[in-house]
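Have a look below at one chain only, the form predicted alone, in structure tokens format.
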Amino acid sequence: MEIQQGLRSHIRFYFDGELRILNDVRPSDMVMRWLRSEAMRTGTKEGCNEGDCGACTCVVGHLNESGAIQFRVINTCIYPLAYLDGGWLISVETLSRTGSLATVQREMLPLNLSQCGFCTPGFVMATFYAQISEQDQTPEEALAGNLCRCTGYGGLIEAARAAQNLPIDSAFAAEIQKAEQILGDLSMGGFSISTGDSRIDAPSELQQLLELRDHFPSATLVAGATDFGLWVTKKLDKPAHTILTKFCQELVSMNLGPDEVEVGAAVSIEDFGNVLISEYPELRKWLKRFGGPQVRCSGTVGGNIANGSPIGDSSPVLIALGATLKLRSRHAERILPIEDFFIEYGNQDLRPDEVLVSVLVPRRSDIKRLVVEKISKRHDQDISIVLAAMVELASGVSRYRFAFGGMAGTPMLARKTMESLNPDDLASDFSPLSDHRADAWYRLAVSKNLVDNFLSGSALNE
């Protein structure tokens, strides 16, 4: 059944001083391919092609509610081309369009920070984002999503530190003003593109999204695309029909209520984490280790939950905090405790006509203590071996909630251990698997230590 709903049949975005209009965008089209093959901006490099190395890093800007541009750093190799709609794409060539090098580039030159040069554009763009976003972060945190194989990180960190303390070039500031005017005339989302063998729907309203979900239950729902991009680049999937959620206004909103914080399912991990940190400052370290900046700016809270991964870093935290999920179809709405959403590996309680709309996180009032520990082989941008989220409540009969990722086929509560407060009972709660990241005995042993440290008050991040 065709559902057009008066939507546009093209995407529009601003790039290198021009408004670009593309009519034949496919679900499998990623920004990097367009940049290198169509726009011929070859400064952006293809490295790992899975969002790990940062060689393909660029920056995207969209207008926020106040009419200013909100910038995001992205891995163009796994960022769908359709997501540029209504935005401004900034590549490494864009920085010097005015005829002079940007501050970031000038800081790198005297330090001889380019040897083979392959990773250099990515480091330039990651540093530029740290500069323009004015986030409170160290150079190491700003560069956590980028890898260099020959230059060495000392000079790169030095250049990033210097650039973060300098203002944006006046010439580029003028570019920002021009872009704001152009983006002000563009709307985000509200398009439906059919190419004969594929289709993309990007509704801007929740009712449109629910209608599309009801009529096309086999279409792939795509949120942040950090997983979806890998299906395309690594599995070589060519999806026939995708429905994009991140343009739906209801799914990118956040509301602070008296008892809970409601966060739309398409809100980025970066924004979601910052909202949680305002309520739970203990989560600052957890957020900085949630992928790299590029992944956090693209990935969404809803996507991290709905894919059902047993090692997703958000789900154990939300389970421990007692969060609930709001699920909607055209005909009904359900509120579900997040721990009940995960049935078994690869099986979630999401009906074919439903969409995960938002996450409701309780506010701080009844939570006395929160500790989150991530165990992984490397510190930055790594998949968890075990992620433990442990909460002590201020009152009530059941005063503790221990949630784990990496210990079972789904993220889940350690219910027996919560009752007994005996770390040895984790062996009854979980039967972890051995894989290439860790053996089962290690997962169990480290989890026991984490619970024991929490109960004794000697947890590492307290």
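What you are looking at is a predicted structure, and each value in this text was computed from that prediction instead of being measured. Residue numbers run from 1 along the displayed sequence.
There is another form of this protein, the form predicted in complex with a small molecule, and it is not shown here; the text below is about that form.
Looking at the small molecule in the predicted bound form, residues G43, Q105 and G122 place no heavy atom within 4.5 Å of it. At least one heavy atom of F290 is located within 4.5 Å of the small molecule in the predicted bound form. Proximity of A306 to the small molecule in the predicted bound form falls within the 4.5 Å heavy atom cutoff. The small molecule is not drawn, but in the predicted bound form it has a heavy atom within 4.5 Å of D313. Not displayed here, the small molecule is kept clear of F272 by more than 4.5 Å at the level of heavy atoms in the predicted bound form. Of the residues given (A202, V73, A265, L318), A265 alone sits with a heavy atom within 4.5 Å of the small molecule in the predicted bound form. For the options D435, D424, E38, E50, the one in contact with the small molecule in the predicted bound form, meaning a heavy atom within 4.5 Å, is E50. Only one of 95-103, 292-300, 331-339, 365-373 places residue heavy atoms within 4.5 angstroms of the small molecule in the predicted bound form, namely 292-300.
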